[in-house]
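In structure tokens, one chain follows: the form predicted on its own.
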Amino acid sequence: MSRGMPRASGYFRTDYAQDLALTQTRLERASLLAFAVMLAAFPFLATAFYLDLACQVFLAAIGALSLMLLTGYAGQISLGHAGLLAAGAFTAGILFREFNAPFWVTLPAAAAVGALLGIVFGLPSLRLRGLYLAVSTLALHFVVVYLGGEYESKRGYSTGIMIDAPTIGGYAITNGRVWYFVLLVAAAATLLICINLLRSRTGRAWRAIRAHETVAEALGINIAAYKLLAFVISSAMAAVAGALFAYYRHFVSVEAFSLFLSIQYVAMIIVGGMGSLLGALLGAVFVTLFPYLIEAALQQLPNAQSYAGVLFAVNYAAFGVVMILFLLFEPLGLVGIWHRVQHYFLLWPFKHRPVAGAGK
């Protein structure tokens, strides 16, 4: 009977092989295959606008996954994510403009710069916590943006650093469909790296540190080493995402990496659901598409043209309201909603009630 349970619900595991498997049931494997087929077919059915939206989602997903490792699993607050993206983008731009470096050089270089920044700005985490740590990471954003702005002004790139399309085997990647698959592979690779990290000793150490540092230290976990490792890995991933963004947009400018971008990435992991890779992906989709949904809603109102001047303000206000609503009424985020829906269909026609309310 117990061996049939995993196949029925997917929530009961009876051996280590099941625990290590990426998919637990035939339904999960079929769903994953169907989702992969949908992703593969999408670029051949979508318009250029929707292809661009998908590419934006993939780029956001890489950044959100990297921040989720740091904050959602290791418990280290960071408000400097936009600075890390900017560091990767400027690394790619500067190496291209100054040395005509190809992308297979600039991407590892961006990762190395991000890792170095992760060490430098991860050191305060050894002594600071909470709000003080958040403020120290916020300094990263201002330092990187200032240095990037200085480079732009000194070199005369008033409108940003222009970057040619990367080439693979003599073929320049300019087509939207090709970019779609490149960024899809990059996002999928990032997700697999995160999954394997979290199933390793490193991931278990991060969870212990987030739960209780004192207990984790008593268990023999090197707190300082694992905190720095979280900053290094997260920063390197974010810098690579920034470099990919630079190549995708064909230019780098400090205006693209405002403080609001850092807030958006924090929103992705909060709205998506803290401590969940699926939450990071759902949050990336939601936050990326949200401004376009607001714009589409305004277009349906009478005299839609008259609202064009306030669109930016409406986006800001709606974004803030949505974050507050999630924090108040859905602290588990979109992944919490997904799990409730999933449980409903898995347990149907039976009802699931929390233990605390079982007697009511």
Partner chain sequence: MQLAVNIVVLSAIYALIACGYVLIYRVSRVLNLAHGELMMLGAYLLLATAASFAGNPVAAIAAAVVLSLAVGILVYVFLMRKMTGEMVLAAVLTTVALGTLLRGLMVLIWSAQQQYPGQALGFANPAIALPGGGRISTFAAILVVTTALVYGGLFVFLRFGRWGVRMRAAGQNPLLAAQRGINLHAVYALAWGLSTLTGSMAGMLIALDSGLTSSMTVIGLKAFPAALVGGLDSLVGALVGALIIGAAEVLSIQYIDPLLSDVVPFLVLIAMLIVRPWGLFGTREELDRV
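Positions refer to the first chain, counted from 1. For clarity, every value in this text was computed on a predicted model and none was experimentally measured.
What comes next is about the form predicted in complex with the partner chain, which does not appear here.
In summary, the region of this chain contacting the partner chain in the predicted bound form, judged by heavy atoms within 4.5 Å and restricted to 104-112, 88-96, 277-285, 68-76, corresponds to 68-76. The closest non-hydrogen atom of V266 lies within 4.5 Å of the partner chain in the predicted bound form. The partner chain in the predicted bound form is approached by F121, whose closest heavy atom lies within 4.5 angstroms of it. Within this chain, L228 is remote from the site of the partner chain in the predicted bound form, having no heavy atom within 4.5 Å. Proximity of M323 to the partner chain in the predicted bound form falls within the 4.5 Å heavy atom cutoff. Put simply, of L116, A186, I173, V135 only one has a heavy atom within 4.5 Å of the partner chain in the predicted bound form, and it is V135. Heavy atoms closer than or equal to 4.5 Å to the partner chain in the predicted bound form belong, across 141-158, to the residues F142, V143, Y146, E150, ordered by sequence position.
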